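A single chain comes next, written as structure tokens; it is the form predicted alone.
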């Protein structure tokens, strides 16, 4: 139904590294795009993410050196810092649990019972950690032995957890960039930044991690570094 429009948005979205200094991004464009961003798919609806909208000129100026003086940062009219919050898994699991409870009128149904058990029992097993690595060992052992008999979700230590939350956050970042494109503006996802100093600037706790920083503005011709190159479809798309 929206195939042509979506194709136009995808083709329009380019990483633009030099934004027009004379054109501001309307606040409603940023607000709408961030509201769309929170609708992104994510693992178990845990929403272990936060989005920091860098709007004031004072804050934008502070982020230029933190983004290693990239042109995309120097010319940005707006920025959004995408942050993973694996450390908030308990709060988010409890929130999901309570949201399911609100839907129950009388005796809970099978799906509701399953949802309550999922957030009460499975999420702690999936996200809990301890200083001795016992939980990681339990997860690895469970995955190994259960996986001997049938297909099983393979999980383990902190690295697996980090990958999980970063994947969800990256999905949100893509939603944001496509939304900005749909509104007629451009963006540039930046991985070149000093994570330690960005966290300090945002006053983030140790458990938070920076997924990426996205700059926004009206792109210019010099901001696009040549034609878009992609590998042939047959090298990356495989039909089985």
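In this text, all values refer to a predicted model and were calculated from it rather than measured experimentally. Positions refer to the first chain, counted from 1.
Just so it is clear, the following notes concern the form predicted in complex with a small molecule, a form of the same protein that is not shown.
Participant: Exactly one residue in 46, 210, 190, 54 has a non-hydrogen atom within 4.5 Å of the small molecule in the predicted bound form; which is it?
Facilitator: Answer to the contact question: 190.
Participant: Of these, 70, 175, 42, 201, which has a heavy atom no more than 4.5 Å from the small molecule in the predicted bound form?
Facilitator: Checking each option against the small molecule in the predicted bound form, the one that comes within 4.5 Å is 70.
Participant: Among 181 to 189, 202 to 210, 26 to 34, 57 to 65, which stretch sits within 4.5 Å of the small molecule in the predicted bound form, heavy atoms only?
Facilitator: Selected range: 181 to 189.
Participant: Taking the small molecule as it sits in the predicted bound form, is residue 15 in contact with it (heavy atom to heavy atom, 4.5 Å or less)?
Facilitator: Yes, residue 15 sits close enough to the small molecule in the predicted bound form that at least one of its heavy atoms falls within 4.5 Å.
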